[in-house]
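A lone chain, given as structure tokens: the form predicted on its own.
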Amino acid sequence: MQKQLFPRDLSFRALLNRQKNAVPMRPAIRSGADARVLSYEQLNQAVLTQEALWRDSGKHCLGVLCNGTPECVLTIFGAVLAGLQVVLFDGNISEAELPELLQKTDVDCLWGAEELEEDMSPWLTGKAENGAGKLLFFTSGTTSFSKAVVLTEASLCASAWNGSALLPLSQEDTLLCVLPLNHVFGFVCGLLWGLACGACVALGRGPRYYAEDLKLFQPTAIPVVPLLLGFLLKQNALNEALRLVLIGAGDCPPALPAALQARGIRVSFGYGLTETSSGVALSLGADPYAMTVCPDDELTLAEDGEILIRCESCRMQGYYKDPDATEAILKDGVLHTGDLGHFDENGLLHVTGRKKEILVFPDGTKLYLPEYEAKLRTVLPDRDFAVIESKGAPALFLRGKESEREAVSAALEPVMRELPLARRLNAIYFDPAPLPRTATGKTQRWMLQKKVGNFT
């Protein structure tokens, strides 16, 4: 375990007070939208102003449509300090999806879409009980409908401390936050990590400005998902000052970290879940796939290789008002992640896949879908596709038109010829629409499984 460089904060108030006293005049938040800079002293004062507003509002549960602006950050911190329960939503969520989520999480006021508030008023009726200090994040929803995960300011601060203990930033660093704040990876690693270290957090202006924001802010560190990293590399957008890239929230082809290392940029992979307030392990050495477990976390492996986590300080309180779903993965204080992995001879963690991304055949043998997809990608390098289960065998779901079937089948033929008959694709489904993905770029296989029903 590395030396712990930063004090442990138990709340947002403690974190902001610590930095206000330690580095009052250093820049805390930079905004690309309006070129604003808030020092740590100004950030603390602005949050206290928001706290007073929300404390007098008479509200209990605030839904925030996250847009990545300083106002969004101040609102979240201020409402939590005021004792409200805060629910973080995707700022681009559709008007049709929002009502059900508002009701599900007991929201009684909405921030970030004033034009929608009147339309949403019939659903803004909930009053959360005992919500002080709680923040609700939605899971990525790669294998089922998203669940609302109950985290706390204490668990999020603990996660930021864990990351800082293993991978500290300096006060001279600029951390560029381009990931959505409603995703726990974005909130902890794009915001709290920087603030906990006394660095400057630069708030990006959204997907249209990814490349421009690296040029504007000249960050020294940036957290990304693999899909975004691939885009930035293709655009040749990485700035010269960049010295650290933290990759998380998805499978990453080896070519991406190799491209960064060839430029002299340090690469660190992060493994974590919404249910653990983000980070559980980080890679610190030359091999980005070999990860050191964070100080507060204890990891063991089940007989089938499933990663089991005990982490009292960072663990979720549960899925919001869903005790059955909570009990299904949280047993005797141990989180059953559904992820598969192993420890190498140095005690470093390697994550190998998801249990739910494995097909189990009648003879008991198994097929790991991401690995299978990697094999198909050698002959379909520029296609958007995923492998799913169909009638007990692998099937290909591909963005495209039915008229392409012959060409696609011909391209796949060499790979299929190398596989046992039982492992070959039994169907190819074409759909002109983009494959459904989460905010972090993960394929939502469960939605593809539902679509298959329309083809049969």
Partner chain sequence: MTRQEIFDKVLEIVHDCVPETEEQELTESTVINTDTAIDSMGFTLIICRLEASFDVKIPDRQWQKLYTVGDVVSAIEKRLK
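Residue numbers count along the first chain shown, from 1. Only the largest set of C-alpha atoms that superpose within 1.5 Å between the two forms is called the rigid core. The model shown is predicted, which means the values in this text are computed figures rather than measured ones.
The form predicted together with the partner chain is left out here; the points below concern that form.
With a 4.5 Å cutoff on heavy atoms, F385 does not count as touching the partner chain in the predicted bound form; it lies far away. Although the partner is absent here, E402 is not a contact residue: none of its heavy atoms lies within 4.5 angstroms of the partner chain in the predicted bound form. The partner chain is not drawn, but in the predicted bound form it has a heavy atom within 4.5 Å of R424.
Of the heavy atoms in E312, none are within 4.5 Å of the partner chain in the predicted bound form. Of the candidate stretches 269 to 277, 110 to 118, 298 to 306, 284 to 292, only 110 to 118 contains residues with a heavy atom within 4.5 Å of the partner chain in the predicted bound form.
Proximity to the partner chain in the predicted bound form, defined as a heavy atom within 4.5 Å, singles out one entry of E95, D324, E240, E172, which is E95.
The listed set Y210, F217, W123, Y319 contains one residue whose heavy atoms approach the partner chain in the predicted bound form to within 4.5 Å, identified as Y210.
By the 4.5 Å heavy atom rule, the three marked residues D34, V334 and G338 all fail to count as contacting the partner chain in the predicted bound form. Core-superposed comparison between this form and the one not shown: the CA of E418 exceeds or equals a 2 Å shift.
After superposition on the rigid core, the Cα atom of W123 is displaced by less than 2 Å between this form and the one not shown.
Y319 shows a C-alpha shift below 2 Å between this form and the one not shown [criterion: core-superposed Cα displacement of 2 Å]. Pairwise change in the predicted bound form: A395 and L227 C-alpha atoms lie closer than in the shown form, at least 3 Å. Figure legend: C-alpha atoms of V267 and Y372, shown here, are separated by at least 3 angstroms more in the predicted bound form.
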